[in-house]
Structures are given as C-alpha cells and as structure tokens.
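Have a look below at one chain only, the form predicted alone, in structure tokens format.
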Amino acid sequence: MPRPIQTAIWSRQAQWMLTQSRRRLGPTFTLQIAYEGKWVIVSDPEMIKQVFTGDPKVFHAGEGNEILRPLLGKFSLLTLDDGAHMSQRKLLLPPFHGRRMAGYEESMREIAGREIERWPTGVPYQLRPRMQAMTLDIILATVFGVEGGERLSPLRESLRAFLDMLTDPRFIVPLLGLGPDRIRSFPPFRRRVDRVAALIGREIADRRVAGDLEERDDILSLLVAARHEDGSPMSDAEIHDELLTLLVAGHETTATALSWAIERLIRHPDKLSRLRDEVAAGEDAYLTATIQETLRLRPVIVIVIRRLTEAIKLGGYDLPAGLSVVPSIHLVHRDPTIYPEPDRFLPERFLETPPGTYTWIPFGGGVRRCLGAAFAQQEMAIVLEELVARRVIEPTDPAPERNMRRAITETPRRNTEVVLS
C-alpha cells in the first residue's frame, strides 16, 4: 500500500493492522508510516532480545521517537540517545527506587480513596475520565509536589488541556499534515504548550529558592537538587522537558491501563470476586497477576521503535542503517505459542509462570525500559485495592468494549462504563 494509506490505517487501527499483517505476511514484515521511514516489525522473542540487548549506539530510541520532540522537548529522556540519554537517566533514577517509591504510597492511597468516594452510585458512569483525573492528581502531588493552594487549579487545568490535545484523535491530522518540525506553528498547539511551559517555569523558579528543598521528596525538588557529573545543576529547560515526559508517559498510560483492568474484571465476575477476596485478606499475588495480565492483553502502547545507526543482521535479515526495527508489544503478547488462549483474560497464567523479559514487554526493555514501570504498577495496585474495597462494580453492557486509538494509545471505546454501588 502507498505510505499515506498505511499511515491512515495505522492512525486509527494499529492493532488490527499488526494482526492482519502478521496473518498475511508472517511474524516479520515492513510498514511505512509518515515521517517514520521504513519499519521492520518483529515479534519473535529472540529477535526482540537482540534489539533490547544490542548496543544502544546502534539501536537508537530517541531518533525513533522524533515525533515526540515538539511535544516533550529536546532534553526529554524519550528523545535522547547515547551519552545524553544516559546522563539524564542517571539523574531521574533515584526518585523511582527504594525509600522514594515507598514514600509515594501514602499520597497515592489518599488521592485514590478521596476520588473514589466522590463517584456516584446507581447510574451509568464512565471510569476512564475519572481515572485520568486521579492519575493527574497523583502526578501533581508526587512529581510536581503541588497538592493544594492557589497554584493547583491553574496548573491542573493547563496540564489537562495539554493532555486532552495529545489524546484527541483529531490532533493526529495536523500532526501528520505539518510534521514534527512544523507543528509548533499550529496555533492551538502553541498556545497550550506555551501556557504549560509558563506554569512549569514558575514552579521550577519557586523550587530553586525554596528553603525546605532538602526535606521534600517530590520529583521536581529532587531534579532541582540533582547534579550532573561535572557538578552543574540541571537547567530549567532540562527539568521542564523531563517533567513533561513524566507527565505524558505516566498519566495517560496508567489511567488507560486502570480502565482496561476494570473493563476486563467486570466481564469476568469470578475473577473480580477473587481479587476482592484476596485484597480483603491482605494478599497481593492475584492483584499483581491481574495487573500483569491486563498489560499483556490490553497494552496501552503497541510498539517500541529503534532506529539503526549501522547495518545489522537480525533473524537472518540484512537490515541497513536508517531503517527502524520495531518490536511489537501487541503481537508478542498475543502469540499463542507463548500464551495459550492468548485472547482470554487469565490472570492465573502469571501465578503459574512469571512474566518473561522478552515476552512481556509493556514497558519496553533493555537500557530504555520505562523508568516509571514500578511507579505505574504500584499506582495501579493501590487504585485497584481501594476501588474493590469501597465499591461493587458492574458493567452497563455485557458486551466487551472494543479498543479505540487515541493518538498513540489504545483506550476502551466506551471509556469503561459501569454502575457502582
């Protein structure tokens, strides 16, 4: 197919396109998407292992995420490669480990409980927008360190408007029309980006002169206090871009994953009942398996991209420099030789066999694996615990929800509509 037609199908039906292509062409095939060059889609775990464990100087992820640069900035962890990427990654690692992660639990649980108690009962109610509100408040508290006061509302509203734009399927039209280099000139995009930049800049400036910086454990404060190897602090632009990266990578994805988890559970009452009983008993093995199975069956992102800087041999193919190797999360997660009955929702499968490093890849892999993976799974666990403990949840329609592609994420078409009691 011509590139424009492939692009149009991909922008609306990526999972369907991947499935049909594998059915017709086998586990390795090419796609051509606007502004992306040629993709070689791979779903064999051995090939995926070679990509994830290969030399990062050869397998560039930042170049493969070029379309994100006008959204997240040139210092974003997602758009950097080589030494620049590793330098930024080292600065961002501390907030996502050990004591810091445990410290976020209280805020997550308090925000989740407060939000769930506001949800109405006895009427049809869409959970995905409320999951978005909840995960945004968690990011405002744990990442930005803003939980109240006069600055909370403007920051929340501007970030919400920015995120809504990125997940609006209509946004893909100007993005594809103008391309990543010219989208900044698009007035609706520029206004929202500039508004967010101004408010984030104000938070950074205030934090730089805060007298209690060393006592705070929000991620913004940690980044202000962080130092490069030469002892220099992060610039405002670096901090701004990493905050936006954490917002975009950690908000919509987690909210959507939570929505899918509930969507699957309410259509499998026996599994929802088991989860509720085990949470009430203080056990977490089935909760963890439920999260893992949700991320297998309904991954929010369907691919990861690595652009080659050198020619390589992969799975018997000679691949030239400049081409992108694209492990397909969706296809490896639906491989029946790895996951028997791959279309069924079976959390029990992960009680028997732990997730494989190259067969369960919702967070990517290798040195580019998502830094916030543990944060996201902890957040999902806390929200699900609070929800099943506080509410009885039933579907408004017995039919499962189909996926809807919103920019680059795959969301429930009806936003996980339920009745709560």
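Residue numbers run from 1 along the displayed sequence. Computed from a predicted structure; not experimentally measured.
There is also a form predicted together with protoporphyrin IX containing FE; it is not shown, and the following applies to it.
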- Using heavy atoms only and a 4.5 Å cut-off, decide whether all three of R89, A249 and I301 touch protoporphyrin IX containing FE in the predicted complex. yes
- Query: If we take heavy atoms and a 4.5 Å cut-off, which stretch out of 77 to 85, 202 to 210, 226 to 234, 313 to 321 is in contact with protoporphyrin IX containing FE in the predicted complex?
  - Reply: 77 to 85
- Message: V58 versus protoporphyrin IX containing FE, in the predicted complex: is there a non-hydrogen atom within 4.5 Å?
- Response: no
- Task: Evaluate T245 for contact with protoporphyrin IX containing FE in the predicted complex, applying a 4.5 angstroms cut-off between non-hydrogen atoms, and reply yes or no.
- Result: yes
- Item | 4.5 Å heavy atom contact, V388 to protoporphyrin IX containing FE in the predicted complex | no
- Message: Can you tell me whether M131 touches protoporphyrin IX containing FE? I mean in the predicted complex, with a 4.5 angstroms heavy atom cut-off.
- Response: no
- Message: If the cut-off is 4.5 angstroms on heavy atoms, which of these, V325, L220, L295, L265, is the one near protoporphyrin IX containing FE in the predicted complex?
- Response: L295
- Query: Which of these residues, Y125, F186, F96, F171, gets a heavy atom within 4.5 Å of protoporphyrin IX containing FE in the predicted complex?
  - Reply: F96
- Note on the structure: Restricting to 347 to 378, the residues within 4.5 Å of protoporphyrin IX containing FE in the predicted complex through any heavy atom are P362, F363, G364, G365, V367, R368, R369, C370, L371, G372, F375, A376
